[in-house]
Ligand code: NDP
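Below, in structure tokens: the form predicted on its own, a single chain.
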Amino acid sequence: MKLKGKRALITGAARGIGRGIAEVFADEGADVAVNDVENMSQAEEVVQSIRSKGMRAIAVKGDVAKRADVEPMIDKVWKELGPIDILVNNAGIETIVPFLELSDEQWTRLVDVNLRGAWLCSQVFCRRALAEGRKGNIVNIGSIQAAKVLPGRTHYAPAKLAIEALTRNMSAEVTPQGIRVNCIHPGLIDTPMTAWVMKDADVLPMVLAQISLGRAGEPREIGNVAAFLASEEASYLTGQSIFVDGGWQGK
């Protein structure tokens, strides 16, 4: 149980990769705060699953792109679960829009959630942890699209590549004070967000042909890597971005 006694906040954890991370963290001994902005019934399902494992869990609603949501969300976790040891910035949205058709509103909302959200949650967490003299870990969730070009993602891909730079720069500033920061770039993971790929008889074989392992990943496979990065087993690892993609990025 590599996270025994730790408390984690995982954003966007009602389903998909976030849920996989939450369940692995609970298996590894962590108490978990499950954040989402709208799927609160699903967030409560994750909470009940974690509690059935004997760990503590709460659901916390909040839009990661809004400071007015993030500050009370982190305060709620601090009060109800205890000081946060691990923050996983997983919340994200994806839309597929051709470059020439992309609107200001589509660009702004996606970048606000996918990039600003990670920065904002991290800043609020770090300010409080460091003020109390606490150490901690941040795991950012990027995307294979930080390295692979896919059509219709001229807003999504830059935001995910920027997560890599955010990881390095945050690490340079807060690791000397005791907070390690790392990033995971998932490949094709079988989640509600990728359901359209998994069900498309034309697209799926084309994508799988580019993946060395020849299959999609499971959310818990991202969770396993996140648990490693947040544990003392990764005590000399910070500022890094790791592709967990079955070998897709290397092809």
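From 1 onward, residues are counted along the sequence shown. Source: prediction; values computed, not measured.
Just so you know, the form predicted in complex with the ligand exists too; it's not on screen, but the next bit is about it.
- Listed residues Ser49, Asn224, Thr194, Gln210 were compared with the ligand in the predicted complex; Thr194 is the one with a heavy atom within 4.5 Å.
- Cys126 falls outside the set of residues with a heavy atom inside 4.5 Å of the ligand in the predicted complex.
- None of the heavy atoms of Leu9 is located within 4.5 Å of the ligand in the predicted complex.
- Remark: Leu188 counts among the residues lining the ligand in the predicted complex, judged by a heavy atom distance of 4.5 Å or less.
- With a 4.5 Å cutoff on heavy atoms, Ala22 does not count as touching the ligand in the predicted complex; it lies far away.
- Contact with the ligand in the predicted complex, defined as any heavy atom within 4.5 Å, is confined among 84-92, 169-177, 127-135, 99-107 to 84-92.
- For the stretch 15-45, the set of residues having any non-hydrogen atom within 4.5 angstroms of the ligand in the predicted complex comprises Arg15, Gly16, Ile17, Gly18, Asn35, Asp36, Val37, Glu38, Asn39, in sequence order.
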